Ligand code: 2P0
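In structure tokens, the next block holds one chain alone, the form predicted on its own.
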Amino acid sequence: MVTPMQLLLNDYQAHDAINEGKAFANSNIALIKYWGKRDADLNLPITDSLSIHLPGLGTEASVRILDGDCHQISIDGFALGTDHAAFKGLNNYLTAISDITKHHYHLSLRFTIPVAAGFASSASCFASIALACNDLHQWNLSTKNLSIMARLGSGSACRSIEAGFCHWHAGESDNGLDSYATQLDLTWPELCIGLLHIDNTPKPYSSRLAMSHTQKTSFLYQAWPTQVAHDLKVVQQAINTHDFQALGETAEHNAESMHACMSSAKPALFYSQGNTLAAKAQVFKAREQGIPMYYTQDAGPNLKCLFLQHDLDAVLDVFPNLQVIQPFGDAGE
């Protein structure tokens, strides 16, 4: 059977490789969440989703061809053994590529964002690998095909190929070739994302496992696709009109609804910690005091606050240690 990776890469095998392929991919934060798959092997989602990139925060990948008979993988300068938690997924992804190219690879990854802590490190990781392999082999793949290729490693990685706001189209095809992300031709210079680091240690269970468990055991999950379809329209309109209140309220509620699905699973799943809940209470109090700020939360205890540039000082009074990102500021352009 022809695999999706083969469909993507078969036309590009004849290109000569350079000595080393390099690429950096930004992490992305979903404003409308991806939670649930219609095909777990191909990372095909039940619903669309929409994200914003975090400029400068993500993964740098370097890929070289090896003469050996197995892949070599290192993260932040440390070689991974086959028993390392990250090895299997990365090795399987490289093998899907090497089945076509007939090469083995040395993959080196460096992260500028905490790993496995709910900051979408897997998204930037697999996007950077797809981009680096494209550079190594000089395939000149389109952004659409790179998005599909990245998705085969981690679903949300399809949203890390391009910058800005990205819309992941769920698609309908069984082979997944219509499931990819496109960049919205919209900017919002005043928009700020504040990363609130509560616990950067690896989370207790992976997003993949939590997603599958929620989908299988939560009665609330059956309402999730309908809510996402509604929330997506609201957020798209909010971005078009720069309606910050609509964006913030909808993104926050969408995140809480995703976590409600998890808490209604059997057994229940919780990523929030005591400090997560305390931080949410601070956001609620700040809004009561007239500071327009909201949050979103992914599969981890950390929060991402949403606010506008002119409220920065007031927000920093609430969270002095907030890591502030402007996706469309000087660093994000």
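Sequential numbering from 1, following the sequence displayed. Every value quoted in this text rests on a predicted model; they were computed, and no experiment measured them.
Unshown form predicted in complex with this ligand; subsequent notes refer to it.
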| item | value |
| --- | --- |
| Stretch in contact, per heavy atom within 4.5 angstroms of this ligand in the predicted bound form, of 100 to 108, 84 to 92, 127 to 135, 150 to 158 | 150 to 158 |
| Contact check for 287, 311 and 314 against this ligand in the predicted bound form, heavy atom at 4.5 Å | no |
| In the predicted bound form, residue 276 touching this ligand (heavy atom, 4.5 Å) | no |
| Any non-hydrogen atom of residue 251 within 4.5 angstroms of this ligand in the predicted bound form | no |
| Residue 43: touches this ligand in the predicted bound form, heavy atom cutoff 4.5 angstroms | yes |
| 4.5 angstroms heavy atom contact with this ligand in the predicted bound form for residue 258 | yes |
| Single option in 306, 54, 30, 269 placed near this ligand in the predicted bound form, where near means a heavy atom within 4.5 Å | 30 |
| Contact assignment for this ligand in the predicted bound form, among 218, 122, 145, 179, heavy atom within 4.5 Å | 122 |
| Residues within stretch 196 to 232 having a non-hydrogen atom within 4.5 Å of this ligand in the predicted bound form | 207, 208, 211 |
